[in-house]
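One chain follows as structure tokens, the form predicted on its own.
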């Protein structure tokens, strides 16, 4: 006696029906891997815009932050102005302080919002998304640089304008083209330096916090933020060779106060070439380090060399 249905083929199980909200790939692996150069560029440009948008939009989200970001650096600049006035220093030194106070905004942005950014993203759980997404990580950092540049420019412009009006600083520029070129190259070298440090800070792990602190006040002194860097002698020459802020600030002071007879460590055109070399070297090293980090993350399943 056989059980009912014995010997009969069992019906095949129906394929599960996925709900509409479950993501399905719109293209197979072969199609996804065969993007045209135009699609790759467009995708990276979207990444740049998407990462720059929060920093630019954030300027209007919390107006009180903008006020403090502009007011506090102005107070620091004012303290050095009063010191030079008490010492009866030449008027050009007051201009040095004002220009240095404006450039402080860019250095702080590079240290806090570029160099340490990937380390903070790792703590917040976003770093895995960056490495898994079909984009170049350099586009993420470039978007951070663009957004941070807009934020820092507003702060630097207000400090420069208010301090110039309040303290009567007059500029005498004879080579506007070279001055603009030095300013742009200084920003390029600074943010390239920040991209390179972003990878290093991520590999160093918890030491990134200590390195961030180390790169504020000591760098202010070595870069000659409130005085000509040439007064430091050999230490100033080392700063000119290693720190973009020192090179760019020294060149801009010579070009912005040409009639005062101010001389820097090298000539402005030499410092311009130094900035070009720094930009190429720092961006190249940042690309190499980020590529190495990305390959390690995808091959070994870990995002840092240490602490993981």
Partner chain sequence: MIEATIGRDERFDPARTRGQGRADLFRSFRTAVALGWKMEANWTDPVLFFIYSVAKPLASALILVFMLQVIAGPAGQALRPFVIVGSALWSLVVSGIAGLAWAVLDDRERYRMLKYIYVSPSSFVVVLLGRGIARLAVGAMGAGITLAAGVLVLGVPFDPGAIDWPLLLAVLVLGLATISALGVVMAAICLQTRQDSWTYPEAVAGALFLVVGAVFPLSVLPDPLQLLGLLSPLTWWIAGIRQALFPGGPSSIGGTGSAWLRLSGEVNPNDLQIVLVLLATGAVVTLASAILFRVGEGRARDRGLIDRTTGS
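Numbering follows the first chain given and starts at 1. Bear in mind that the values here come from a model prediction, so they are computed numbers and not experimental data.
One more form of this protein exists, namely the form predicted together with its partner chain; it is left out here, but the text below deals with it.
Its partner chain in the predicted complex comes within 4.5 Å of no heavy atom belonging to residue 277. Although the partner is absent here, residue 82 sits close enough that one of its heavy atoms falls within 4.5 Å of its partner chain in the predicted complex. Of the heavy atoms in residue 62, some are within 4.5 Å of its partner chain in the predicted complex. Although the partner is absent from this view, residue 168 stays clear of its partner chain in the predicted complex, with no non-hydrogen atom inside 4.5 angstroms. Just one of 180, 234, 86, 161 comes within 4.5 Å of its partner chain in the predicted complex, counting any heavy atom, and that one is 86. For the stretch 221-247, the set of residues having any non-hydrogen atom within 4.5 angstroms of its partner chain in the predicted complex comprises 221, 226, 227, 228, 231, 232, in sequence order.
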